[in-house]
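In structure tokens, one chain follows: the form predicted alone.
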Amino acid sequence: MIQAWKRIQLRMATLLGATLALAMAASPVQAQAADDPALLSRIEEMERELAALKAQVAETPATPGSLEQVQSATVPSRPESLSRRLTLPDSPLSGSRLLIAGYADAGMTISDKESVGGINFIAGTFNPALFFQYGDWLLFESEAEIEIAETGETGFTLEYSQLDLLLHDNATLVIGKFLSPVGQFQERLHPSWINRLADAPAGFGHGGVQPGAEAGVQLRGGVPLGRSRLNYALAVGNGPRLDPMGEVMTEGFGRDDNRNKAISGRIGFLPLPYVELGASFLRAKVEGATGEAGEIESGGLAIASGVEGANGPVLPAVRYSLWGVDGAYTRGPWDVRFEYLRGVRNAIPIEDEEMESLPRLRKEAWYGQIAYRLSGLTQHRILQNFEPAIRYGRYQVRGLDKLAEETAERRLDFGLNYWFAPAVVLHSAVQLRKFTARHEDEVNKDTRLLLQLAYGF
């Protein structure tokens, strides 16, 4: 049909050209036509053909091969993502591009224990992310988290804010606050629409053993190894700190509280495009919290160091080390993952007979997860969007009794997801929790129903 339309266009152009030529020489032609009946007849025939072609064009319907389709093949169309991806106007920043992305979620939890809340509606979180790219060598990316706390207050957290220098196809230099490369969940899976269940595994969310973020510099990239691939990340940053209880905090601090820098990283090996095995590590030193009181609690006892700091007494710096392994199989409808992390903070000695030293702190977390999209079994327009998921994990804490009572647990999730669109999902899950370090007179079991609607944009 397109070829036929092109032939019509060519014929029209020929006839129009001939008509124009005749018009330009109207007087001579008319005089000659009066004496030459054959020429006059030819002109009348060309006028009839031109009129017929005009009528044919007017009656031609808009088909995939019509003029509208021909024009759309040559004129760039408005991209669907124009509202999210913009090219900045001519200015000193000419050549920059902007992408607006992020995710949001909301839901509810129903617990069988009134003491832990019963029915709760969760306002969820809103995580907008901005990406500015300049040319093909500089990228700025940042994500904020806005959420409603249990008290009703609005919390704002800068998840990451970093500059990426694209040095080479196999190397990118990252500067700023970035998600920790240790493990997989925090860096790759924590957005609610990517996570296969409604919350993080035990010990892998905020305040767990897995580091959340780091402020510093990072070199990362990937290297092909034949049909396989090796990816890497190596970071140097300010490192973790201790909270007043003696817990290690790893949320990406903008200032170091000692002269030691934390070194962390991960190496991943992909023998096949859908199989990845990884190993992670972190090494740093932590010091005691500073403040007017300069006290740290351990097992219900208040202790303090005899070393005086600018803002009060502080504890001596000790080693904190973390290592872990992870694996993933993501092929077709399957999403299978495993992750293990173990962190150890050395004991903190106190050179005061009236004070008690902080014992060695050990934290250990792991989980295994399987999710399967039913599109691998059926093409039914409704059933293919369901995705059963199951996850079992455990978080153990030794060395801080109060922390162990609050967080140590075994957790089993049975989930069923429904995907309305590739980035819109309804999570539903039955969660069985067993708190392993609580006293018999405390609530040590909890069964919950979790519902969450998540949207990635």
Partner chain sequence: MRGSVTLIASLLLFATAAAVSRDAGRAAAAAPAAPDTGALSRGAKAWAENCGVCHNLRSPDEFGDVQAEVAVAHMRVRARLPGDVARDILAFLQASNGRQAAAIAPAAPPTSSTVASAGAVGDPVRGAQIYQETCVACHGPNGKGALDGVPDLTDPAGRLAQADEVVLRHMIDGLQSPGSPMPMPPKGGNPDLSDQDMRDVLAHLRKDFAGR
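Residue numbers count along the first chain shown, from 1. Since the model is a prediction, treat every value here as computed from it, not as a measurement.
The form predicted together with its partner chain is left out here; the points below concern that form.
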### Query
Would you say all of L99, Y232 and R337 touch its partner chain in the model of the complex, counting a heavy atom within 4.5 Å as a touch?
yes
### Query
Taking 4.5 angstroms as the cut-off for heavy atoms, does W366 touch its partner chain in the model of the complex?
no
### Message
I'd like to know whether W193 contacts its partner chain in the model of the complex, with contact meaning heavy atoms within 4.5 angstroms.
### Response
yes
### Query
How about R373: is it within 4.5 Å of its partner chain in the model of the complex, going by heavy atoms?
yes
### Task
May I ask you to check whether T151 falls inside a 4.5 Å heavy atom distance of its partner chain in the model of the complex?
no
### Listed residue (T125, T157, Q384, S111) with a non-hydrogen atom within 4.5 angstroms of its partner chain in the model of the complex
Q384
#### Entry: in the model of the complex, the residue from G118, P349, P271, G332 that sits within 4.5 Å of its partner chain by heavy atoms
G332
### Summary
Per contact check vs its partner chain in the model of the complex (non-hydrogen atom within 4.5 angstroms), the hit among 125-133, 340-348, 241-249, 200-208 is 125-133
### Partner contacts in the model of the complex for 407-439 (non-hydrogen atom within 4.5 angstroms of its partner chain)
W419, F420, A421, P422, A423
